[in-house]
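As structure tokens, one chain now follows by itself in the form predicted alone.
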Amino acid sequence: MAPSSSKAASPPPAARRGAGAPAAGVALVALAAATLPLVTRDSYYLDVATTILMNLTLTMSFRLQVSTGQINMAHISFMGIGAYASALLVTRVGLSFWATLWIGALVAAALAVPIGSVALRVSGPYYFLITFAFSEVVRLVFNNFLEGWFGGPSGLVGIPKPDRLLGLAFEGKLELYGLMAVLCVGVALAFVRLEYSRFGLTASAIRQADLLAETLGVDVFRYKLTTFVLGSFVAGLAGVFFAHFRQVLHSSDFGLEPMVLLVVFTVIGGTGSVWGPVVGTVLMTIAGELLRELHHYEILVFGAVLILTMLWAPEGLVALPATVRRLLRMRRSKDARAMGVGLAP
């Protein structure tokens, strides 16, 4: 007898069993975010924590695209598209931030559809070059065209902070931190649910062997395009907050250097787990603050850390505890065999 459709659509047992720990991880992130204002309300620490949450939202959306085996070098550009779209709609059209928060993200997702449809037809270096070229085109448009709208080389200034919501003003660092914490936890919860669903398991299979997945009937292109568009939507969401948090936009905010840092944060943390970006983003953002006085050498230091991570922890820092436990088990097993040989008559 054929299984019912409801059973066929349900996630595999392994996915259901593995979803408990990640749910606890989301709860831990939410608890940490809620605890920080109780520990300190210093504007500097709140600013750094807000930046960490914003970077975390961006790296988690980038990791979603990497989960199908594609490194989108234009990901930071979709953040910029959401940022500029929201800034212009608020300053020129007069819309509320709470409307442009979603409109800006939708604009980024809408532009991701044609770009992804073209780029995902190819793979390897060709995909890399197409997305990189699009990123440069977007940066040049922001910097050199429609200067009256985008601000040109001087940047777009005068972007207001989020307007009131239910009587709550978002003028101070604490309120902006709270808003970003809510957005980040919401994104993390959605991505964790997605990771342990059938969609997430299929995306992982595509990353490991896309040709094999296609022979088994998986629509590989549709899955890749879906992750491309969904990741771009969340990047646009982070961009909208970035625009109204910093209150100034410049094309360099969405250029090659921040894109390289995004890749470094994600890869160092580990792309094999949804929690890899959490580890990489928190550690490397804090390291970036400590290296603020050595800004010109920041990329060099991060590059060295990336090389060492690839050599000694190729699965990322998030997998380091499991790697250490595996090595210790191998060492104990080897010692036990050696003792057995020594005691043999």
Partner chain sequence: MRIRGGTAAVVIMALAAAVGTATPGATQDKTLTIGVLGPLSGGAASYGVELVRGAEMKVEEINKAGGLKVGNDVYRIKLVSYDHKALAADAATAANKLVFQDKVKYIIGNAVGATCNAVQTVTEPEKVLFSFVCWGTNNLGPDKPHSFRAMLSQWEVAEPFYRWVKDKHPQIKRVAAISPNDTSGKDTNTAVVKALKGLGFEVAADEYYERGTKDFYPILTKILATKPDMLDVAAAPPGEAGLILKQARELGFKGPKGWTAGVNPVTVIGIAGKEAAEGVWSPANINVKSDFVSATVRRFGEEYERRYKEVPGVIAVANYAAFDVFTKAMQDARSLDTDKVLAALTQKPFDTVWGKLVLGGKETYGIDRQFLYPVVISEIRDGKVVDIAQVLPTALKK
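As the structure is a computational prediction, the values presented were derived from the model and not from experiment. Residue numbers count along the first chain shown, from 1.
The same protein also has a form predicted together with the partner chain, omitted here; what follows describes it.
- With respect to the partner chain in the model of the complex, the three residues 173, 283 and 325 uniformly fall within 4.5 angstroms at the level of their nearest heavy atom.
- In short, of 87 to 95, 162 to 170, 136 to 144, 102 to 110 it is 136 to 144 that has heavy atoms within 4.5 Å of the partner chain in the model of the complex.
- Among heavy atoms of residue 242, some come within 4.5 Å of the partner chain in the model of the complex.
- Contact annotation for residue 248: at least one heavy atom lies within 4.5 Å of the partner chain in the model of the complex.
- Residue contact with the partner chain in the model of the complex: residue 182 places no heavy atom within 4.5 Å of it.
- The partner chain is not shown here, but in the model of the complex it comes within 4.5 Å of a heavy atom of residue 154.
- Just one of 233, 275, 191, 150 comes within 4.5 Å of the partner chain in the model of the complex, counting any heavy atom, and that one is 275.
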